[in-house]
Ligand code: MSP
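A lone chain, given as structure tokens: the form predicted on its own.
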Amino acid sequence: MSKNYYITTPIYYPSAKPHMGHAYSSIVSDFFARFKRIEGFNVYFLTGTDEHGLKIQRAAEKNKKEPLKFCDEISNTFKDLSKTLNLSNDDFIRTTEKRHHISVQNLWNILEKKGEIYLSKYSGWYSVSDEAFYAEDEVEEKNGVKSSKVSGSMVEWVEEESFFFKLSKWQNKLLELYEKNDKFILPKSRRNEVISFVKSGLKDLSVSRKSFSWGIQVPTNKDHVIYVWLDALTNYLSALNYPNTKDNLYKDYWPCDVHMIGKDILRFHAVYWPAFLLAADLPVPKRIYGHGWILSGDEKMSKSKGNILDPLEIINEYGLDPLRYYLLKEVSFGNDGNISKDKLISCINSDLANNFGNLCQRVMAFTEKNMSLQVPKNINFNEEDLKILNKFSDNYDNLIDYINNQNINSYMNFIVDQMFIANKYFNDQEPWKKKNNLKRLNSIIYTSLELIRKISILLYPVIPNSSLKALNIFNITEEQINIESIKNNKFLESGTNIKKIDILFKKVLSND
């Protein structure tokens, strides 16, 4: 089995500053990337910005700036957000980079030579906001304004000469792809949605525009720019130095293991993208995962509604790791979710401060007082010790399976359960009453230390900074974290020195 793993975030559209939806996609992708690294995989984790199209051109004009200068500034806010979110991405691609232009034009040339692209005229409804064309039955009128039923974005009638991709030709091949690999699109509800759309009949897709200039030129016709989705989607290849298919990055990491996307761009990734690749005789990605939205109240966030949730404000008030923990634990992955400050505070106080932080504090304080901050010697596990320690080895394959199938909630539920069990164990064993039975005392403390180590490793992809502070107790560095070590019940070497720990999470007082 290949030990390489390639995961991508959506390529973000920098027409405005990042919001919580962007943060969520990135945090989720980072979670998987970090887990696969500690599982021993060579991970390539990509994020970036999609900087072409009419929407960007109009936003730049509105701000009285050249499009590239406008993109430079906004793209930097997404780069800064990557750092603020403590993402472990290996690359950040921009579609205005030369390497991307080379990839896109190469893909276009292949499709054109294969007769997959032809020149005609487009007439139909177009959403500047979505950079998407919509059929008549996908458009509705309210208060004299026509908008997409899919996204709610305003549409306008467009008539112009356009190059078309023969999408209709690939309808049966796409259905065959979905049939052969029932996990190509997850969750299942998204798969059903895509299959229904494709079965209803695919029409050829407009892949160029003539009415604006901000984009990559069609190599064979300078009057046209390549339509944003054929341009944007190719970033997943251009980051791997395509069209150099002999390059190690391309050879090692394509096809991609997971494209992590929001459900609003599912059609582009699960229909158009594999069709482009099939037409160019290139391997298709292994999986498209369309997660839900992070809502503001009960609505999708949008600049026009003025309901943008700023992740930086939440981070400044509550901290990064609590936000990461909340989004991964409280949002039912695949479905829509929202930020509730009450639930966030509850997560911080109950799970992080009480269950995890307090466990670390109590065990370390007791170890310092009674064992001079040394891993106990003379251990003899009893049945109860082994039962709680073996929970991790017994569930190891399940945990790997959760990750491989993007089952975040089951993974998080396991951690929460183990934090509760570890605290209960320490309370029930009452080590403070075992000082006359040194072997039993040693075994309880050793077991408790091992539980902290195992839980901290599982928490590393979720709350990396806080987890590393806990692992620092045992002098375990980030490079030394190995998920397989949770199967080892005697990992800690008896007699070695361990360190004190500061308070990991401060409780938050409710405003009520």
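Each residue number is its position in the shown sequence, starting from 1. Source: prediction; values computed, not measured.
Heads up, the form predicted together with this ligand isn't pictured, but that's what we're talking about next.
Visitor: Mind telling me which stretch in 177-185, 233-241, 356-364, 146-154 gets its heavy atoms within 4.5 Å of this ligand in the predicted complex?
Guide: This holds for exactly one stretch, 233-241.
Visitor: Might residue 111 be said to contact this ligand in the predicted complex, defining contact as any heavy atom within 4.5 Å?
Guide: It does not: once this ligand is placed as it appears in the predicted complex, residue 111 has no heavy atom within 4.5 Å of it.
Visitor: So in the predicted complex, does residue 30 come within 4.5 Å of this ligand, heavy atom to heavy atom?
Guide: No.
Visitor: Might residue 262 be said to contact this ligand in the predicted complex, defining contact as any heavy atom within 4.5 Å?
Guide: Yes, contact at 4.5 Å.
Visitor: Does any heavy atom of residue 292 come within 4.5 Å of a heavy atom of this ligand in the predicted complex?
Guide: Close contact exists here: in the predicted complex, residue 292 approaches this ligand to within 4.5 Å, heavy atoms only.
Visitor: Scan 229, 425, 133, 164 and let me know which has any heavy atom within 4.5 Å of this ligand in the predicted complex.
Guide: That would be 229.
Visitor: Counting non-hydrogen atoms within 4.5 angstroms of this ligand in the predicted complex, say which of 190, 329, 269, 94 makes the cut.
Guide: So the residue touching this ligand in the predicted complex, by this definition, is 269.
Visitor: Of 34-54, which residues get within 4.5 Å of this ligand in the predicted complex if you count heavy atoms?
Guide: Counting only heavy atoms within 4.5 Å of this ligand in the predicted complex, the single contacting residue of 34-54 is 50.
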